[in-house]
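Heads up, the chain below is alone and in the form predicted on its own; it's given as structure tokens.
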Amino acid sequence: MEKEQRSKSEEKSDDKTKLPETNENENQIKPEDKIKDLEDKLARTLAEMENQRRRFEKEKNDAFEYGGFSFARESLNLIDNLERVKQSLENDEEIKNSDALKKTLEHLDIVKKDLISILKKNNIDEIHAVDKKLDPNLHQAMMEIEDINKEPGTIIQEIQKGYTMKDRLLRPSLVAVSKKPEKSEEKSEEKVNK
């Protein structure tokens, strides 16, 4: 009985060591095909590395060119606040026409001019909007005002100055745009219908 078990176990181990018969040519890849495959992988890897290098170069240049973009945007609030202070002082009845008001306004103008000069040195420019056509890339229309003298879509009032930094929009101009006046006949018909 032991002999039978040994012989059966030997047969099983022999079966495990025997590999199925296959054609050796099927499993082997031709060297030319392998070379082409490796050349293709190498070309793809080199192209990927070149694309990554270009992307990093562009990001580096953008960081250098526009690194202060958010700081510049926040700095515009200083100019806005100076303008608000100036208007508030000019509208104050108690100090109107006083020498102190005139001196204060002069000093505020000097500070504003200095800020604008600093911005210009850093390639930050005002967007000139009044009497120009509305450009949605530079302007944001806040309201429409009826105006017979202006062509519809023309900016007639600037609510808040806009700025660009080099070729990028830093902040759009907030503007009022002209529109055609409604015909008086239509208005009278609306009143009658109500």
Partner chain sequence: MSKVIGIDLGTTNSCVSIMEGTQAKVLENTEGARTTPSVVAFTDNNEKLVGQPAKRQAVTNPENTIFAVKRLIGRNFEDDTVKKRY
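Bear in mind that the values here come from a model prediction, so they are computed numbers and not experimental data. Residue numbers count along the first chain shown, from 1.
Keep in mind the form predicted together with its partner chain is missing from the figure; the text below concerns it.
- No residue in the set Ile95, Ser98 and Thr164 has a non-hydrogen atom no more than 4.5 Å from its partner chain in the predicted bound form.
- With the partner omitted here, the stretch from 30-38, 124-132, 44-52, 156-164 that lies within 4.5 Å of its partner chain by heavy atoms in the predicted bound form is 44-52.
- Though the partner is left out of this view, Pro136 does reach within 4.5 Å of its partner chain in the predicted bound form, counting heavy atoms only.
- Residue contact check for Lys60: none of its heavy atoms lie within 4.5 Å of its partner chain in the predicted bound form.
- Looking at Glu65, you'd find every heavy atom of it more than 4.5 angstroms from its partner chain in the predicted bound form.
- The closest heavy atom approach of Glu144 to its partner chain in the predicted bound form falls within 4.5 Å.
- Interface residues of 158-182, taken as those with a heavy atom within 4.5 Å of its partner chain in the predicted bound form (partner not displayed): Arg168, Leu169, Pro172, Val177, in sequence order.
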